[in-house]
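In structure tokens, the next block holds one chain alone, the form predicted alone.
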Amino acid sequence: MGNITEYILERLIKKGAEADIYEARWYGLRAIAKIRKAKEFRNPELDYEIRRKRTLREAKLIALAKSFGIPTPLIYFVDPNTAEIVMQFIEGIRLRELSLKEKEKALPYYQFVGKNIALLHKNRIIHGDLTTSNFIISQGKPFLIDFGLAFLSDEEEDKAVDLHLIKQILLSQHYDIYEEAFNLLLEGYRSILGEIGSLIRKIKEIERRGRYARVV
């Protein structure tokens, strides 16, 4: 566990397959602590190296995204040896909850979400888990969180998979606003990257592959 003089764990928010998420205090500031747990089924040396590298990569990509103008949490503390990241607590409402409770209020944010995703992709960052639960609306902006699956890539396929995921989330969880929300998202995306016909075709190709896999 981290040095108690640096941060204090207050309550467990979520137990994940890869990491536990805690609400914490960082020198009096409300914070989030993400701690990657050791996996007993892995070789201890391999496990340590995997958790260390993933912790460093996540912290680096959160900071990198922020440098490109994407609202993300501030990183307060990183300890790769214990696989811990302490970051800013973003006060607000998840886009998922807002989309379920106040649909008309949620819709305008999808254009900003599209712009943020485009800025990620323009700078080679693939988020890997683009869901409406990973955008928190705070101070009038959608903050992007949870870069645990993020990586760097220039491949159109990886960008299309990112967009395909959030499209599927909209279809399954927010069907009543799906069409308008996804169109606004693509409008925001195009405002940063211009023509994306090839990317749209790639998304459709991924969808066809998915349908075929289910049939088989």
Ligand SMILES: Nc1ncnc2c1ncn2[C@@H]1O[C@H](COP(=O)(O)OP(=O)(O)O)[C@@H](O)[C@H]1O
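Note that residue numbering follows the sequence shown and begins at 1. A quick note: this is a predicted structure, and the numbers were derived from the prediction, not measured.
What follows is about the form predicted in complex with the ligand, which we do not show.
Taking the partner from elsewhere, Glu10 is found to have every heavy atom lying beyond 4.5 Å of the ligand in the predicted complex.
In the predicted complex, at least one heavy atom of Ile32 sits within 4.5 Å of a heavy atom of the ligand.
The closest heavy atom approach of Tyr76 to the ligand in the predicted complex falls outside 4.5 Å. The closest non-hydrogen atom of Asn123 lies beyond 4.5 Å of the ligand in the predicted complex.
The stretch among 164-172, 145-153, 40-48, 180-188 whose residues place heavy atoms within 4.5 Å of the ligand in the predicted complex is 145-153. Comment: the ligand is not present in this chain, but in the predicted complex one of Leu119, Val113, Ala106, Ile90 has a heavy atom within 4.5 Å of it, namely Ile90. In the predicted complex, the residues of 18-33 lying within 4.5 Å of the ligand by at least one heavy atom are, in order, Glu18, Ala19, Ile21, Ile32.
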